[in-house]
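Next up, C-alpha cells for two forms of one chain, structure 1 and then structure 2.
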Structure 1
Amino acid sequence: MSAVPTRLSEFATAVPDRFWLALFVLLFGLVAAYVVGVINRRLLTRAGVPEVIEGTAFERTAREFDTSTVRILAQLSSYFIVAVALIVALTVADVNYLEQFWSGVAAFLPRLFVAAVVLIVGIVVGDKAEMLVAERLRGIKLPELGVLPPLVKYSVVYVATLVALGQVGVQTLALIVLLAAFALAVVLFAALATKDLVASAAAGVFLLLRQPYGIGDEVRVAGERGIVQEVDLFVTRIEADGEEHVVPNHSVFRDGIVLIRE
C-alpha cells in the first residue's frame, strides 16, 4: 500500500526544484491571466465602450462569431500574460537549447501585443468615424460627399496599420510616402467635391447677414416661385403648391432674388 506514495516521493525528489518553480510560475500566470481578463472586461464595460462602438462593422462581425470587441481586447490581455508566464517558466526551468529562441520571442511579444491592440482600436475607431461622418452629411444632397465616410474610415485604418507594422519592425517608409500621396489626393478631391458646398456656405453667410428675404416672404429664386420656409447656411427652402423646393444658396446668389409684392 505504501509503494505508490514512495514512488511519488522519489519522483518529486528526482525532479529539479527549478521545474517545480517553473510549474508554479506557469500556474500563477494562468490565474493572473484570467483575473486580468475579467478586470479589463469590466473596466471597458464600465467605461461605456460597448455603447460607443455599438453598430460598427467590427462589432457586428464579432457578434457573428458570438463574441464582442470588449471580449476580444480582454482575451488579448489574458493571452499576453499567459505568453509572458510561459516564457518566464521556460527561463526558470533553464531550457538552454531554447534560450535564444525564447529571448527573441520575449522581445517580440510585447510589440506584437501592442500592434494587435492598435490595429483593433484603429478598425473600431474607423468604423465609428465613418458612422459619425455619414450621419453629419446625411442632410447634404451632394453625391460627391458619399465617398467621404468610407474615406475617413480607411484613412484611420491605414494609419493604425502603419503604427501596428512599425511595432513589429516592418519598414513603413514606402507606406508613409504612399500615405502622403494619398493625403494630397484627398485634399485635391475634397477641394473639387466640395466647391459647390463651399460656395453655398459663403453665399449662405451673406444671405443670413444681409437678409434680403425672410421666412414667409414670397420670392422667385433660381426659377422657383413660392413662400420661403427656411434659410440656413447651405440651402433655401421654398414651398409652392404643396411642393418644397430646396435651392442651394450659391444658385440664389448667382441668379438673383425676386421679391414678389402683391
Structure 2
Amino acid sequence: MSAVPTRLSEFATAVPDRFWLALFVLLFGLVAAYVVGVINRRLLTRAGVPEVIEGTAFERTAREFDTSTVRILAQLSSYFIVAVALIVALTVADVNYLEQFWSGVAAFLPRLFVAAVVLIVGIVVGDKAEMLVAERLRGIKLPELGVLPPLVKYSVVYVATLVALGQVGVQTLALIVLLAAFALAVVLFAALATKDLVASAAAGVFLLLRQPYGIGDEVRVAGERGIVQEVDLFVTRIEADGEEHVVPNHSVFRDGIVLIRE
C-alpha cells in the first residue's frame, strides 16, 4: 500500500522544482487569460460597444464567421496572455534551446498585439465614420457627395494601418509622407472652401453678442439699405421695398455698418 505514495514522491522529487513552477505559471496564465477574456468582453459590452459598431462592415464580416468584434478583441487579449505565460513558463523551465528565438518573440509579441488591436479598432472606427458621414449626407441628394464617406473611411483605416505597421517595425516613412501630403491637401481645400464661412461666423458671433443693430432697425450694410429682418451666425437679412438682401456677415463687418436714424 505504501509503495504507491513512495513512487509518487520519488517522481515528484525527480522532476526539478523549476518544472513545477513553469507548470504553475502556465496554468495561472491560462486561468488569467480566460478571466481577462471574459472581463474584457463584459466591459466592452457594458460600454455599449456592440450597439455603437452595429452594422459596420467589419462587424458584419465577423458575424458571418459566427463571432463578433467584441469577441475577437476579447480573444485577442486572451491569446496574448497565453503566449506571454507560455514564454515565461519556458524561461522558468530553463529550456535553453531556441532561447535566442524566444527572447526575440517575447519582445515582439506585445507590439504585435498592439498592432492587431490598433488595426481592428481602426477598421471599426473607419466603418463607423463612413456610416455617420453617409447618414449626415443622406438628406442632400447629390451623387457627387457619394465619394466622401469611403474617403473618410479609408483615411481612418490608412492612419490605423500606419500606426500598426509602425508598431511591428516596418519602415513607414514613405507612407507617412503620403499621408502628410494628403492631410495638407485636405486642410488646404477645407480652408479655401470655408474661408468666407468661418469669417462670417466670426463676425456673426460679434454681431449676435454686441448687437450693433437688431431686428427692426434701419441700416445700410454692404451697400444695401433696408430694415433688418434677421441676424444669424452667417448672414444678415435686410429687406427694402420687397427685396430681401442676404448679406454675409463678413462683408457686414468689412464694410462697416451705417445705422440710419431719422
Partner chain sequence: MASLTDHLSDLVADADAVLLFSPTSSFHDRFEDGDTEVVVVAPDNDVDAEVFVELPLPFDNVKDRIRFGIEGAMDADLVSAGDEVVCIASVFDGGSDAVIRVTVDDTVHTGIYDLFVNSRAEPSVIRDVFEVAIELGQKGQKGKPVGALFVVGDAGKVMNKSRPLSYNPFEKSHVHVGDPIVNVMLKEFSRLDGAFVVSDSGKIVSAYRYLEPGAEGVDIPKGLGARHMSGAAITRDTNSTSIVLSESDGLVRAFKAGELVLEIDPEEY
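Take the two forms, find the largest set of C-alpha atoms that superpose within 1.5 Å, and that set is the rigid core. Residue numbering: sequential along structure 1, first residue numbered 1. This structure is a prediction, so every number in the text was calculated from the model and none was measured.
- Note: the form predicted together with the partner chain is the second of the two, structure 2.
- Once both forms are fitted on their rigid core, the CA atom of residue 208 lies 2 Å or more apart between the two structures.
- With the core superposed, residue 44 shows a C-alpha displacement below 2 Å between the two structures.
- With the core held fixed, the Cα of residue 23 is displaced between the two structures by less than 2 Å.
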